[in-house]
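Okay, so here's just one chain, in structure tokens, the form predicted alone.
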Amino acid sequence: MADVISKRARNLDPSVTLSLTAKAKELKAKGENVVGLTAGEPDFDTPDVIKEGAIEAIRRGETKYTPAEGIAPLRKAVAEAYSKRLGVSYTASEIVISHGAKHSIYNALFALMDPGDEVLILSPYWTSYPDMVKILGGKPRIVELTKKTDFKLTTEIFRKQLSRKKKPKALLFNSPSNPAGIVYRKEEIEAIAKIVLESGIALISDEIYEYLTYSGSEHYSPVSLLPQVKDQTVVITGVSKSYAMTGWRVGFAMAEKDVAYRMAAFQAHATGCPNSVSQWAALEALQNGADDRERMRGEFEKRKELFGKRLARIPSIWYPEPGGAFYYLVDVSKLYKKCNAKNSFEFCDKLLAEQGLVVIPGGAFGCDKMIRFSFAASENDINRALDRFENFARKYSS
């Protein structure tokens, strides 16, 4: 048989988070006694007001192709909402609607980097960041962040990266972050934005968890703190996480007009246009979904507190306190030797085999000492999962 697969495709593996989420669902469907805390999506149903908006759009016949950059009413609504939220002026021509925030990030990378360009990616990182850069011919430059800096990019680390012989083309930045739930403080983001401005590199600011913050943490966008950096920045967000609309696949990108034009041009050739009905649902979310969004955020905060109380009594682990998103990233490396695991992947395999608990290995996020739990689950599932994790940790604690 002829070998027709490209080298690029051979070097690409499926998303670990999506694969393990599917595995957990498959095992449950087979009747296996498993608990999965893998999903990076709300367990709530999409609010009724949003579903009704989509149904009305179908009844109106809004089922045809749309402009590649998205329907005008949604782009206008995004521009108005985020001009107000961020304190900088966006027009509809600076907005591109895509098939989720992931697609928006990919489009931004295409518009901003050329093959061979380097993109700064902060570890722990969302699992798809490096692969998206590689697919487009770029080089991910992983900046390993540690407990010493609370898993945050400091100005010293940033300037050191910029002083290297090859200057990066862009910084991929995420706050609140997946997988650690890290939320940068106002002064920290402002300092990073100033360095971006003076260096002339591009900034892709992934803000998909913008509304999911807890315990006094507050989300800030770089462009809201330093409006001058707007033309170098692509702000990425969407409706998936905050409005329980993951399957609707709608993301927003806000960018300088020419960057937005290039992103939309690429999208026109790559996928055509976003789903028409989903765009009308997203418009309904922006206009009438705030109450439901806050209700769900409040429930996530309760679950976060429950999760934290349960983790606090488990020996031989450590974790940064999440200020946003819906994840705990837990250092379990002290358990590796006794449970005979060489890395986070083997640890998660043993956790599944012995306790029927499915979580995400930190190696997928560039932090192999850790595992990721999602608290986007019912209190019952959280307690069941942490009972199993506690049993496992106590068994192998030194």
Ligand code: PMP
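Sequential numbering from 1, following the sequence displayed. Note that this is a predicted model, so its numbers are computed, not measured.
Not pictured, yet referred to below: the form predicted together with the ligand.
The partner is absent here; in the predicted complex, the one residue of 168, 100, 222, 323 having a heavy atom within 4.5 Å of the ligand is 100. The contact residue chosen from 280, 328, 126, 106 relative to the ligand in the predicted complex is 126, the criterion being a non-hydrogen atom within 4.5 angstroms. Not displayed here, the ligand is kept clear of residue 184 by more than 4.5 Å at the level of heavy atoms in the predicted complex.
Using a 4.5 angstroms threshold between heavy atoms, residue 210 stays clear of the ligand in the predicted complex.
Although the partner is absent here, residue 206 is a contact residue: one of its heavy atoms lies within 4.5 angstroms of the ligand in the predicted complex. The closest non-hydrogen atom of residue 249 lies within 4.5 Å of the ligand in the predicted complex. From the list 212-220, 85-93, 70-78, 126-134, the contact stretch for the ligand in the predicted complex under a 4.5 Å heavy atom rule is 126-134.
Taking a 4.5 Å heavy atom cutoff to the ligand in the predicted complex, none of the residues in 57-93 make contact.
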